[in-house]
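What follows is one chain in structure tokens, specifically the form predicted on its own.
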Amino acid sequence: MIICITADGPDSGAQVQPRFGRAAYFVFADTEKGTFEAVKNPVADAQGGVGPRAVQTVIDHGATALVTGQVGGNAASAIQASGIRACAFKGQGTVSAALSAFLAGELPSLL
């Protein structure tokens, strides 16, 4: 399973970024391989229509789950249409902590 976690930095020690479309990085955790891959969000600073384009980046990297703090209405629609499971990580913590909470089933559904 590949899980996308929104982050302020490019590694598993980075803080989780609560704003999905404006996150600086998407960190993809492959739970089968035990690897992390960071991708700079190409639309983080774009004007309007950010959510659906950010969702496309998540889809392009094969993620089937997303961990973030919040998503906008357009992003929510795109996430639901894609079948990606979205979970809420509230408060502060690292990508590794968010991944552990997700794998433990501690994160509520976001949508």
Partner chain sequence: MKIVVASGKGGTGKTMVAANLGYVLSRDRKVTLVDCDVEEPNLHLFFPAETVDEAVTAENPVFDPALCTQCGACGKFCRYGAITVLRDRVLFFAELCHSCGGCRIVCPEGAVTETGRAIGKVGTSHPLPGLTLVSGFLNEGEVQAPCVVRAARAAAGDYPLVILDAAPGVACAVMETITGCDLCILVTESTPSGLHDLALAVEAVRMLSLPAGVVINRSDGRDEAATAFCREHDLPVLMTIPFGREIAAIQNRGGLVARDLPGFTEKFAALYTDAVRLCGVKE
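Worth saying up front: this structure is predicted, and the values here are computed from it rather than measured. Numbering follows the first chain given and starts at 1.
Separately, the form predicted together with the partner chain exists; it is not shown, and the next lines address it.
The candidate spot formed by 55, 62 and 78 is fully in contact with the partner chain in the predicted complex: every one of the three has a heavy atom within 4.5 Å. By the criterion of a heavy atom within 4.5 Å, residue 74 is counted among the residues contacting the partner chain in the predicted complex. At a distance threshold of 4.5 angstroms between non-hydrogen atoms, residue 42 is out of contact with the partner chain in the predicted complex. Not displayed here, the partner chain is kept clear of residue 70 by more than 4.5 Å at the level of heavy atoms in the predicted complex.
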